[in-house]
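This document starts with one chain, in the form predicted on its own, laid out as structure tokens.
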Amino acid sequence: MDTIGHMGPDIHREVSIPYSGAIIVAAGSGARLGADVPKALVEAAGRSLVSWCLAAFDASPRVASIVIVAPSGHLPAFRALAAAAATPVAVVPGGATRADSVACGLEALAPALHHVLVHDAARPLVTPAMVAAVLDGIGDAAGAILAAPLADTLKRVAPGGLIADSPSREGLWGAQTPQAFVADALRDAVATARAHGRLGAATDCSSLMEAVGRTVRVVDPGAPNLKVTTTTDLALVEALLSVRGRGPVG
């Protein structure tokens, strides 16, 4: 068993190699929900969105340490949630963009981690089974992401709302989180994007890896893994979480 330090001399966990760290990106404003708190602190089925996510990673034996990247003005609220976890958890302020926030999370994780998971707090349906599936999906690649094949017919729309054409959806998948990567490979991809001034434009970590020629595999989540963006999304997620109960499943 190896003991790794995490964000301070008194925070550690004994784990078997290989071990992983998780970054929960929770710095979104929640403006589209009309909330007066950051999106991650919006409640669904009696718990905040970030609390559901934290519970899933905390319950995973594959995760040795967690970093929550939060809005700088709300760190105490996130630290109160982190204090209840069994897994070592640090809370750090986020950056100007999602990718900048991921970079902040990477800097806070122990450098010896073999793999890094990145997850959006707006996806509270994540389970320990999904965490294991995406880690196992890496295999001989540099990373793996949860994703689902697109079911809707696609339309490319021109100015004025007129349909320009209908691209084929064959081979197209919708990216989700968590996304898991070989830690050193993700750090290199982030550093390269920053050096070329394109870090802020990245909407997910897989695109950063793809940009430097790294292979990334898709893994079907096997269960609903919705992202909360609108009040309708929140209602759907709340219904699913209410059926689940208080703890993560899988």
Ligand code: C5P
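All of these numbers come straight from a predicted model, not from anything done at the bench. When you see a residue number, it is the position in the sequence shown, counting from 1.
Form predicted together with the named molecule: not shown, discussed below.
Undergrad: Answer for residue 217 alone: is it within 4.5 Å of the named molecule in the predicted bound form, judged on heavy atom distances?
TA: Heavy-atom contact with the named molecule at 4.5 Å: absent for residue 217.
Undergrad: Is residue 101 close enough to touch the named molecule in the predicted bound form, meaning at least one heavy atom pair within 4.5 Å?
TA: Yes - in the predicted bound form, heavy atoms of residue 101 and the named molecule come within 4.5 Å of each other.
Undergrad: Is residue 125 near the named molecule? Define near as a heavy atom within 4.5 Å, in the predicted bound form.
TA: Result no; residue 125 lies far from the named molecule in the predicted bound form.
Undergrad: According to a 4.5 angstroms non-hydrogen atom cut-off, is residue 180 in contact with the named molecule in the predicted bound form?
TA: Taking the distances in the predicted bound form, the answer for residue 180 is no, it never comes within 4.5 Å of the named molecule.
Undergrad: Candidate spot 21, 88 and 115, all three in 4.5 Å heavy atom range of the named molecule in the predicted bound form?
TA: Result no, not one residue of the spot touches the named molecule.
Undergrad: Among the candidate stretches 27-35, 181-189, 194-202, 59-67, which one is within 4.5 Å of the named molecule in the predicted bound form when only heavy atoms are counted?
TA: Contact criterion met by 27-35 only.
Undergrad: Just to make sure I understand: among 94-128, which residues lie within 4.5 Å of the named molecule in the predicted bound form, judging by heavy atoms?
TA: Contacts from 94-128: 95, 96, 97, 98, 101, 120, 121, 122.
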